[in-house]
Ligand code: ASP
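Okay, here we've got a single chain as structure tokens, the form predicted alone, with questions on binding and movement later.
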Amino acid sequence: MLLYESTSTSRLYTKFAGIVSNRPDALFSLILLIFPGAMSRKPRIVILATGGTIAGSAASETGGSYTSAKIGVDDLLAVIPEIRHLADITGEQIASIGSQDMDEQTWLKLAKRCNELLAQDDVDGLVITHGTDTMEETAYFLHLTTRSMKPVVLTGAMRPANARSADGPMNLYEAVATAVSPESHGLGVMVVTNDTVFGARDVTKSCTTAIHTFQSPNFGPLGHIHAQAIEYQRKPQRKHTTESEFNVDQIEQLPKVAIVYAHAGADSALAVDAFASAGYDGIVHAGFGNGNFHSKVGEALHKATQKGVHVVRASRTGSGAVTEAGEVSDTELGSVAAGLLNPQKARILLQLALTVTRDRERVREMFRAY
């Protein structure tokens, strides 16, 4: 039984497939004859650590207070020696921060390092340890900027590393199991926690403290994990990774995009005016319901679009799509509907779109495609 197909083996299979298309047994015999170890080597997974609660340390095993990013990647791996049965593991410390301090410079550093590693023939996948607060944003950014079919899996924890019943070790183990699964190829960037595999575009943190905090409210998870076996139910349908037109390898700074949040009685027009005057390239409005806003805010957003600021209408509701056909006319306002992206992910897509074009219709097309 073929347990794992390495990158080099896959290329060899393609090369000889036309010759022995009717004799797969002959093909595998040929591969084993030329490369005796090709079918037996363990996959190589690189773990990129950024900090977060999974690397946190608490004063008490049962207390609620802790400090993020106190434990290095080597110490994380030391508590789960079984993980090395799954793959040859190496680790790199990219950052040591709580994810509330995640920023765009770290995103760019992480994306560039991911692309460097994924381009190597002897690297079969990546696992990234990350704090949960902004994990969904980092995952979506990488979903649009990594350029490989190889699996990239983010994981984290809701309890610090030294807590009783810490969830980090199992999450990390299952993230590696997901990364080594041949069925994970081509699915883009994923988030793995609590025995569940989520797609980067759909996943969001839904609870402040519960270990089942990550959910995909519109479509559900990609799959589930049972005793390290991955069972997928669906695949991402929108463009990502190798189909993405976004390349950040030579980018040092992303366009400036802000989020303005709506609430009853709010005169958010002041915030809109402030961001437009401060030279921001774009504004995402986290609106009511189907991307709606107070009339004064609508006037401010329209003025901003006339100044060249790109405006995206998103929703604060947490699920459902912001549609182009509703109470707001995006044509009249000069705005773009976020679709199913929540405000924080709409911001990321707008930032990346503005690295490619300033044409509003092209930006609108990107929101339909990604």
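When you see a residue number, it is the position in the sequence shown, counting from 1. What you are looking at is a predicted structure, and each value in this text was computed from that prediction instead of being measured.
What follows is about the form predicted in complex with the named molecule, which we do not show.
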* May I ask you to state whether Asp281 is within 4.5 Å of the named molecule in the model of the complex, using heavy atom distances? => no
* Interface membership of Lys205, the named molecule in the model of the complex, 4.5 Å heavy atom rule -> yes
* Is there a heavy atom of Gln120 no more than 4.5 Å from a heavy atom of the named molecule in the model of the complex? -> no
* Taking the shortest heavy atom distance, is Thr53 within 4.5 Å of the named molecule in the model of the complex? -> yes
* the named molecule isn't shown here, but in the model of the complex, which of 125-133, 224-232, 290-298, 178-186 has heavy atoms within 4.5 Å of it? -> 125-133
* **The single option of Thr242, Asn218, Gln100, Gln93 touching the named molecule in the model of the complex, heavy atom within 4.5 Å** => Gln100
* Asked: Considering Met190, Ala286, Cys114, Ala157, which brings a non-hydrogen atom within 4.5 Å of the named molecule in the model of the complex?
  -> Ala157
* If you look in the model of the complex, which residues in 315-352 sit within 4.5 Å of the named molecule (heavy atoms)? -> none
